[in-house]
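Taking the form predicted alone, here's one chain by itself in structure tokens.
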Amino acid sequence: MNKPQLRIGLIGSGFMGKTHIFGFATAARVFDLPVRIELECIADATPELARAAMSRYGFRRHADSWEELAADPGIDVLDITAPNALHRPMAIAGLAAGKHIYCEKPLAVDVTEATEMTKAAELAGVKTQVGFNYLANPMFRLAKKLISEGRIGEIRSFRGIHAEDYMADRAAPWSWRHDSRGGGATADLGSHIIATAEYLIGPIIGVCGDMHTAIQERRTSEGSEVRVNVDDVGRAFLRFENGASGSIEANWMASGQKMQHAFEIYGSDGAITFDQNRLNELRLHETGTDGRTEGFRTLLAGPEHAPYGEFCVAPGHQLGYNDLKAIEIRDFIEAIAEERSEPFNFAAGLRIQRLVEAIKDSTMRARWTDFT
């Protein structure tokens, strides 16, 4: 049976653009998707970059600008991997043309823009997805299942961190990430750990933030000094709707950390821990066992943890970062084809944006901020 086409138009071929390309390619071959994915068209910062990316990554054609791509009637899904400040105009243009939108996180630079995008998506009646692919990890889904089954009892506390070191060097040049519309560490990295906290524990209803800019100025590539207008480190205490408390940290100058997306969850009858550096492992502690051997045991990802088995029939052979993106893409494509809810739509992305801004507001006021 011939499957209908789903034609992808991608904006950007940098780090995240490549991740999306690999994700689409993997999803098309690993899963029995209800549609046939076509890498139709790509746009980039210049027509020359777009032409080169078209040849390298197997797109059928390229566009000379993102505006041309957003309006192209031959595109079904507009995929946005451009800098944060461009998400809103690109998404709005794609929505006006009736396209489904796949946008990397954060959804926008502020709540105002994110709200506009969410309302436009609802009016357009299309499907949307914000890229939070850590949530697609089978071990996250296992952790959520263990919690829902009561395996570690009443959840009492959560501690999470997303730390990397790509801004640790004072000599690293100023970039769009250091501008107020770039977002800062809390928006860039903290959005991931906030999404993880709510996915596993439930709604956050209060935050108390503390955001800090450690490197006040950076040099541009031309050599001039520019003031940094965003945080290098952001922390917040959390209160959850279910009565649990917690904390998060976002840090993009954590020397030596390449990808520390980690959490600890403590319950009345046990605990669960995870670190993205070992993304195929979940550590589980259940109280009440023999005191001589009580402690954490490591659960290794395997075919029993769907959809790991679609990638490999043997346990312990490990999935990778791009595989998580492929799982996220599968879920989004199935939502489009089968007309069911998206795994993480613009409305969900707006909520994360609102939580980031609540942390900023709390930092400025030096007090707790309620969140609903």
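Since the model is a prediction, treat every value here as computed from it, not as a measurement. The first residue of the shown sequence is 1; numbering continues from there.
What comes next is about the form predicted together with another copy of the chain, which is not displayed.
A.B. asks: May I ask you to choose, among 205, 259, 85, 97, the residue with a heavy atom within 4.5 Å of another copy of the chain in the model of the complex?
C.D. replies: Partner contact (heavy atom, 4.5 Å) among the options: 259.
A.B. asks: Which of 111, 228, 126, 142 has a heavy atom within 4.5 Å of another copy of the chain in the model of the complex?
C.D. replies: If I apply the 4.5 Å criterion carefully, the residue I get is 142.
A.B. asks: Where, among 102 to 110, 86 to 94, 73 to 81, 211 to 219, do residues come within 4.5 Å of another copy of the chain in the model of the complex by heavy atom distance?
C.D. replies: Result of the contact check: 211 to 219.
A.B. asks: Kindly confirm or deny that 48, 118 and 199 each have some heavy atom within 4.5 angstroms of another copy of the chain in the model of the complex.
C.D. replies: No, the candidate spot makes no contact with another copy of the chain.
A.B. asks: Residue 266 versus another copy of the chain, in the model of the complex: is there a non-hydrogen atom within 4.5 Å?
C.D. replies: The answer is yes: residue 266 has a heavy atom within 4.5 Å of another copy of the chain.
A.B. asks: With a cut-off of 4.5 Å between heavy atoms, is residue 68 one of the residues that contacts another copy of the chain in the model of the complex?
C.D. replies: No - in the model of the complex, heavy atoms of residue 68 and another copy of the chain never come within 4.5 Å of each other.
A.B. asks: Hey, in the model of the complex, is residue 135 touching another copy of the chain, heavy atoms inside 4.5 Å?
C.D. replies: Outside the cut-off, so no.
A.B. asks: Does the 4.5 Å heavy atom contact test between residue 241 and another copy of the chain in the model of the complex come out positive?
C.D. replies: No, residue 241 stays farther than 4.5 Å from another copy of the chain in the model of the complex.
A.B. asks: Does anything in 272 to 286 come within 4.5 Å of another copy of the chain in the model of the complex by heavy atoms, and if so which residues, in order?
C.D. replies: Stretch hits, in order: 276, 277, 278, 279, 281, 284, 285.
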